[in-house]
Ligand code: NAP
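Have a look below at one chain only, the form predicted on its own, in structure tokens format.
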């Protein structure tokens, strides 16, 4: 790793850690915000998502690693109290790398990548969505919306919807309902559905009025959108690992 950049949450603690890292790595690595090889995220999971999207056009050239100073640090390996250990580990350079799957989302207008999830949400009225998988009709959903997450995103919004937590190394995506309507007039699956890389989920609606498309922390208007397709992308977010943090440790650190 020759070139690096630090992206941080906009608070005093995170800014101070960024300054400390830049001083510690001065003369050891080159600070390069345009063409970094290592992106260091200082903050919470929201900061890491910001980094992924900022450098989404360079995913085959960069690796990501995080220092946690935020509220949720599921995507980060080091705590703020471990900053000196982090600096030492980077200088020792014993990097290992692993990939996190991304979602590829396409509409008739645009395309997107998501590390955590895609959300189709409507808080103004019940959203009707026809759902097909690999061209085969599954159901007509009615409710607030639907969420499709990666394994990495299974611990994010998907978890609050009652979806399953999945090991982040798995090449799966999970479809979960957002406040579905279930009575004798309207029925849908009523359960999260886990699919592998061979599947594409297709959403259609006659009326996306007031609905929005959520891609991680970004939100887009669905005006003039006719359909939404989602599948696992052939692109990855590469994460650098200097110390091993198990799934169980991450779960206990974040939620227990």
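Positions refer to the first chain, counted from 1. Remember, predicted model here, so these are calculated numbers, not experimental data.
The form predicted together with this ligand is left out here; the points below concern that form.
- Stretch-level contact analysis of 34-42, 186-194, 55-63, 215-223 against this ligand in the predicted complex, using heavy atoms and a 4.5 Å limit, identifies 215-223.
- For residue 163, no non-hydrogen atom is located within 4.5 Å of this ligand in the predicted complex, even though that partner is not displayed.
- This ligand is not drawn, but in the predicted complex it has no heavy atom within 4.5 Å of residue 79.
- In the predicted complex, none of the heavy atoms of residue 67 sits within 4.5 Å of a heavy atom of this ligand.
- At a distance threshold of 4.5 angstroms between non-hydrogen atoms, residue 157 is in contact with this ligand in the predicted complex.
- The three marked residues, 112, 169 and 231, fail to reach this ligand in the predicted complex, with no heavy atom of any inside 4.5 Å.
- Contacts with this ligand in the predicted complex, taken as any heavy atom within 4.5 Å, map within 239-256 to 255 alone.
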